[in-house]
Structure formats: structure tokens, C-alpha cells
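Single chain ahead, by itself, as C-alpha cells, in the form predicted alone.
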Amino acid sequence: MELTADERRMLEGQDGEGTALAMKILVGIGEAFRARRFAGISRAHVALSNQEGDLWFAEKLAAQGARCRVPPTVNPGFCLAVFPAEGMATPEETAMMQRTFQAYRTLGARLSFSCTPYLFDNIPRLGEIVAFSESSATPYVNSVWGARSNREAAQSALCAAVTGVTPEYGLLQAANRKATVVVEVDADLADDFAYQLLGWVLPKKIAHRIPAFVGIPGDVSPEALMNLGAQLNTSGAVPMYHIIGVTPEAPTLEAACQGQAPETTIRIRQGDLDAQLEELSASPGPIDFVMFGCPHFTIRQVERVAQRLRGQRLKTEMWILTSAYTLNLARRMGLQEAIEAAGGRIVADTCVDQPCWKHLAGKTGATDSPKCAYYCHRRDLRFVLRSLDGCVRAALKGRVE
């Protein structure tokens, strides 16, 4: 790779051992993808996992003196103010979360602990070069905001934050952002849940190619766009999509395809979504809990749940996972009070894929997120998939009809 004087200085250790390690890793990635040079970044997001390998790497960089040139936002672990106090996290698990907190604070990260920073405090502009990891974040910043990020690992995004640069390859280059498959949607997209199913089913038909959607309404909600990207990237490592007349790089189909003929056109029908729901979901019947917030719930989603719970009492546990920013708004607006009066919980800083959910192991819940069901399977949590409203109804009845 062709390095600038500043990049060479970092690689040779003149900015410290930790920065040199980060730069060495990025050079290796660049060479693997045949990048000629680095591009400067202005934003980053690190999908920390609060797991041993992730923590080892972050602590290693911190101990070697690395500090972030570009302070990244970070993904959730579990809330230290809630789960240890209620006996839902062991002392060992709590200690690991505390170490994770300290490592990223030492590195100079912005401790947002949310998987949706692209909605409130880390919003890039059109064409801005960034380094985002996290399966809902990468598609959103690429597709909805029109920024440029590769599908980074937590470690590569952290290295980019430390050095301020990332190898220039892949989606950082305009030619690689074109749609190569047209997706005609002939299905009922009346609610945000339909976009969860659309995002999960599509990669089976298009592999890793970038789709351009035709037939999606122009008033599609931010939550639907978030759901679509999260499922595309979790189900099939699709880091970007275009929606004709909606997303910024797709005012027309010709623009989305950059003037070239698409490789193929496919059609998604209602039957595809119905079959996907049947395949993903556990059977209807009694449930023990409802879990929302994978990706983290927005304030509009929290408000919708609160409205449907006022004056009623849940028959199951309900957990709503969100950002600290949204939780603060929910508290101010009386939404947290309404949810807790019904017997539900809303917590910040927490992911579905954490050890704090041991008490739900072996039980059956309801969720609106295929991503949630996918991640939680390894923790022995089973899910019936339904819309947001369907999950609320199930929590009030104690069963999915």
C-alpha cells in the first residue's frame, strides 16, 4: 500500500505501540483486499460484544497506549445499573462488563452502548467516509444516509478509530455501490414487521449482491428501513441496498445501477414473506416473555407500545431494549411509567445476546425481530415471530393465537 508520512509514522511506532498495532492490522486488511491507499474517516462505530476476544483486543490496545483519533460510538453489552442488582448477572459477568466499560473509556470511545447510533448521535452526511461495524448500522449509514463504510468487524472499526484511516476498497469506491439486482416487491408492506421478513428472505435469492427495490412506498418509515437493513445484513451479509425514489443514491433505477444493466430481476411476493414467517417462527401457543429492541427500539416504537399498554396488565415479562438517549426521552414523556405500570421493563445499554438473560433459557417468547430470534437461539431462547402489535397482544394474553 502507498502510505503517507503520517501513516508511515503510525506504522513504525512513533505514535506508540498500540497505534502501531492498529495500523499493522489495517495494512494487512488493505493488502488482503488489494487497496492501494488509505482514506481518512470522520466517524466510527464499534460493535463491541462484551466477550472475551473482543475485550482482550480492546484492553491490549488500551494497555499499549492507543487512543482514538476519531471517538467511536459503541454497541451495547448489558446495563450495569440493572442486571447485577437484580441477580441476573453473576459477579464474573459483571466484572467483564465493567472491564469492557473501562477499556473503551480509556481508548476514548463515546460510551453510547447502542446499536442504533445512526439515529441520534452518530449521523453521517452523504458521501462521508466512515468505519461502521454492527449489522444494522452498516446498511443504514450506507443506504439511508449515503455515507460510505465497508462491513467492518468490531476490531477493524476500532483500529480505524485509533488511526483515523481505513483501507480504501469495497463500498468506499463509487463503482462498488451500484445495484446489480432489481427486486420488485409485490407484497403487503403495511407495517414495519413486513420489512423484517423482506430483509430476511431476500439474501437467499440474491446472495451478497446489492439490491435495488422497486415497489416500496415513498413514505417508508425510518424503523422499516432499520429493520430491512438489519435483517439483510444478518441473514446474508448484505451491507447496502437502494430503494428507488427513497434512498439518496437511487433517484432512479438507472442511477442506482450506475447506468448499467442489472444482472437479474427477481420478484418478492406475499407468499415469500408468509413462508419465511412460517419457517422462522416457533408455533403459536403460551409464551413466557416478550422481547423488543434488536435493533434498539426508537422513541416512536416505545410510544406505540406504551399506548397499547395503558390501563392494562401484562401476563408475561416484557423487555424493551433501547438507547440511553431514548430511555431518557421515554422517562420525560411518561412512557416508561406507563410501561412499568403494566408490568413491563425498558432498559438501556443492553443487547439480546448477553448472559443476563439466563433466566429465560428454555422458555418461549415473542419478538418482532428475526435477528433477535437468530442471536438468542444459542442461549436456548425460542421465539414466536409476530408484529409489534401482535407481540403486545400476546404479552397481555399470555399466549400467541
Partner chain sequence: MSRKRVFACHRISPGTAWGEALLSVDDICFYLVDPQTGIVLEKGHDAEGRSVSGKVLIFPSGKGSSVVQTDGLYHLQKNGQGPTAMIVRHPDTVLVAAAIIMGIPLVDDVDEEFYRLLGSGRRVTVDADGQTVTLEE
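Residue numbers count along the first chain shown, from 1. It should be emphasised that the depicted structure is a prediction, and the values quoted were computed from it without experimental measurement.
Absent from the display: the form predicted together with its partner chain. The rest refers to it.
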item: Per-stretch contact check against its partner chain in the model of the complex, the hit in 151 to 159, 306 to 314, 260 to 268, 212 to 220 (non-hydrogen atom, 4.5 angstroms); value: 151 to 159
item: Listed residue (338, 66, 41, 47) with a non-hydrogen atom within 4.5 angstroms of its partner chain in the model of the complex; value: 47
item: Its partner chain in the model of the complex: contacted by all of 29, 56 and 235, heavy atom 4.5 Å; value: yes
item: Residue 11 within 4.5 Å of its partner chain in the model of the complex, heavy atoms; value: no
item: Heavy atom of residue 34 within 4.5 Å of its partner chain in the model of the complex; value: yes
item: Non-hydrogen atom contact residue 20 with its partner chain in the model of the complex at 4.5 angstroms; value: no
item: is_contact(residue 135, its partner chain) in the model of the complex, heavy atom dist at most 4.5 Å; value: yes
